[in-house]
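Only one chain is given next, in structure tokens, and it is the form predicted on its own.
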Amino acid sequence: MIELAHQHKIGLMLANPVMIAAGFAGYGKAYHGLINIETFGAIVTNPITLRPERGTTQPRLAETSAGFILNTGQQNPGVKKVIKQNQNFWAHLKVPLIAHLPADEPSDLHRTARALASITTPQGHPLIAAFELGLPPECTPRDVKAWLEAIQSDAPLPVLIKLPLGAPLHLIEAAAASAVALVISTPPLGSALNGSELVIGHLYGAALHSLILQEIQLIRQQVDLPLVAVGGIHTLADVQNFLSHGATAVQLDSLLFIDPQQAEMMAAELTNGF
């Protein structure tokens, strides 16, 4: 077992260190009948915002020699509909569910977090185990403070913060001040052609492994918090590499698109070792 929020009164206990990253399992149902998602240590949901987001109108996916470019924007039906469509499923889910909240107006973040934190099991336990706040590259420490206060004011759940790749020290310190763990990191932006159409979005693939490993080393020198590595993790050796070089847990992203059974096998293998 792994405790990701050891300083938080509620905590965030994982059966193993392999999580599913935001955007790669929907709201938990994406791989129903294909793999057992309860094998994983935790699932991070698709983005959830107060109001519906239509996402992008451009082509969404383009393959590259090093992986693929994906652009989904913050597409989601809004928090009320997300809860309505998924609450019954979540009530029977036997794995921690982490709601991914994109940066938003503080008042909207407050209402979104409060709505999610208020849904409970018949025994009164929250269905959402924690929040993951995604930081945009251009944000400031003042923004981070405002967003965290908005989330935490009426929702006493642990908050993980997902940093942009290459985040400056002052932003890392601001995130570490209130987060239970740091997620390293949002993938870099890139472009690629899909036929004749240019796709602009985030780069995913095995090539990111070395970038994230370096980032983990740098951030480990600055903060004393659990670090969650995400990016370029496609094998059990990749997971073990991160765990032995500063990460407490990992999140899988592109592997879920390429070989979901391999992802499940890795989580099961590491469950046996914890």
Partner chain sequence: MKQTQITLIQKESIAPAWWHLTMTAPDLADRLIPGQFLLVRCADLFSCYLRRPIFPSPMGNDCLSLRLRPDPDPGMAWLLSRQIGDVLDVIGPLGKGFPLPQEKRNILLISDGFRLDPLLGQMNHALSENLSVTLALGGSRAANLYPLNSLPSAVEFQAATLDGSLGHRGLVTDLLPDLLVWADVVYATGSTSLYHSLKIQTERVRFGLVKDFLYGLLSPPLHPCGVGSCLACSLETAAGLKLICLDGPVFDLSEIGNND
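Numbering follows the first chain given and starts at 1. None of these values were measured; they are calculated from a predicted model.
Here the subject shifts to the form predicted in complex with its partner chain, a form of this protein not shown in this document.
A.B. asks: By the heavy atom within 4.5 Å rule, which residue out of 211, 243, 66, 218 makes contact with its partner chain in the predicted complex?
C.D. replies: Going through each option in turn, the one that passes is 66.
A.B. asks: Considering only heavy atoms, tell me if residue 25 and its partner chain come within 4.5 Å of each other in the predicted complex.
C.D. replies: Because a heavy atom of residue 25 falls inside 4.5 Å of its partner chain in the predicted complex, the answer is yes.
A.B. asks: Find out whether any non-hydrogen atom of residue 34 is located within 4.5 angstroms of its partner chain in the predicted complex, and reply yes or no.
C.D. replies: Close contact exists here: in the predicted complex, residue 34 approaches its partner chain to within 4.5 Å, heavy atoms only.
A.B. asks: Answer with yes or no whether residue 226 is in contact with its partner chain in the predicted complex, where contact means some heavy atom within 4.5 Å.
C.D. replies: Residue 226 lies outside the contact set for its partner chain.
A.B. asks: Taking heavy atoms and a 4.5 Å cut-off, does residue 61 contact its partner chain in the predicted complex?
C.D. replies: It does: once its partner chain is placed as it appears in the predicted complex, residue 61 has a heavy atom within 4.5 Å of it.
A.B. asks: Counting any heavy atom within 4.5 Å as contact, can you tell me which stretch out of 139 to 147, 110 to 118, 68 to 76, 97 to 105 lines its partner chain in the predicted complex?
C.D. replies: After filtering at 4.5 Å, what remains is 68 to 76.
A.B. asks: Can you tell me which residues in 146 to 178 come within 4.5 angstroms of its partner chain in the predicted complex, by heavy atoms?
C.D. replies: Residues within 4.5 Å: none.
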